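One chain comes next, on its own, written out as structure tokens in the form predicted on its own.
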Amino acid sequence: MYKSFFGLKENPFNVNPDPRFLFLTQQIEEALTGLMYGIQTRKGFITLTGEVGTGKTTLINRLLDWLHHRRARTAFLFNSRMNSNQLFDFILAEFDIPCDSKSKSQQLMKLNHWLLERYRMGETVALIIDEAQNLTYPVLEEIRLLTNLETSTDKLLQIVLSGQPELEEKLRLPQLRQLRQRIMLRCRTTPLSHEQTKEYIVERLKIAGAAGEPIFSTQAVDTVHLYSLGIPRVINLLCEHSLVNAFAEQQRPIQSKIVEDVAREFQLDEVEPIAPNGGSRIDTDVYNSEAFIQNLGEALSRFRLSPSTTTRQRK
């Protein structure tokens, strides 16, 4: 709709995790390099954490592209709300491993045999689980046991758990200390700085075909950073709708008033009420509850008070 008006060949701010649009800040480069290094050197267990919308899934897609070019075998599980039986079903299906039995022991034997074959052929095998903060304690325990699939020198399966900061909180639980001790690398994504936000917008517009006069004024970019708090997904939201509204008003370059209107439309200008103190003490026995583990992410989100949480709740 607005592409011809702004001289674009495609939409620059789609929320799809297109690896072409991965903006390589120093932090993102460090995270990507860490993931590549960890898988290539068969470290076994790696975590990738970051706030909602900071580019984890886009980063994972770039990693998958790199792995496919190296002819590695990969399984990408994006539905983390599953039980342990479903975990094995998904893994076998993703790796195209035939197994008629529903017995977990038989499935594990099939997986181990297949991994040994891949290892003898010099192939790397990686299992990547997105939204890992939603995994229950029993499923995380099964994933830990998968790291026991190894030779005397190397891990047969490289596992990446990608999730929100609640994943780090969950891994601190006493029940998961064995899993926590097996994590060899911890990679993170972070919000963009003011200067990085400007470079991010320019880079995405350039990839989409922008040339010549600026599309966003300096003041508009400042306003985008103010309301997005440097969260790439919120930057995309603000910029996409600003392009639409600016096209409707035939305005170029886009001024800060357009961005402010979009921010108000999505209630990014409002402040969440602070949760009251007290009344939040939890008996230690509740940590043995699988229901608590399952809902830990929501519980932590409810009590976290940082501004970035406000942004996340608005999306």
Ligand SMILES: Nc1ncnc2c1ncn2[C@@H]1O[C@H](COP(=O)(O)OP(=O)(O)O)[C@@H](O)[C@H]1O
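Heads up: residue numbers just count along the shown sequence, starting at 1. Because the structure is a prediction, the values reported are computed rather than measured.
What comes next is about the form predicted together with this ligand, which is not displayed.
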item: Contact residue in the predicted bound form, from Lys155, Arg204, His225, Arg73 (heavy atom within 4.5 Å of this ligand); value: Arg204
item: Ala31, heavy atom within 4.5 angstroms of this ligand in the predicted bound form; value: no
item: 4.5 Å heavy atom contact, Asn14 and this ligand in the predicted bound form; value: yes
item: 4.5 Å heavy atom contact, Asn236 and this ligand in the predicted bound form; value: yes
item: Contact test in the predicted bound form: Val52 vs this ligand, heavy atoms, 4.5 Å; value: yes
item: Location of this ligand contact in the predicted bound form, chosen stretch of 179 to 187, 132 to 140, 226 to 234, 166 to 174 [non-hydrogen atom, 4.5 Å]; value: 226 to 234
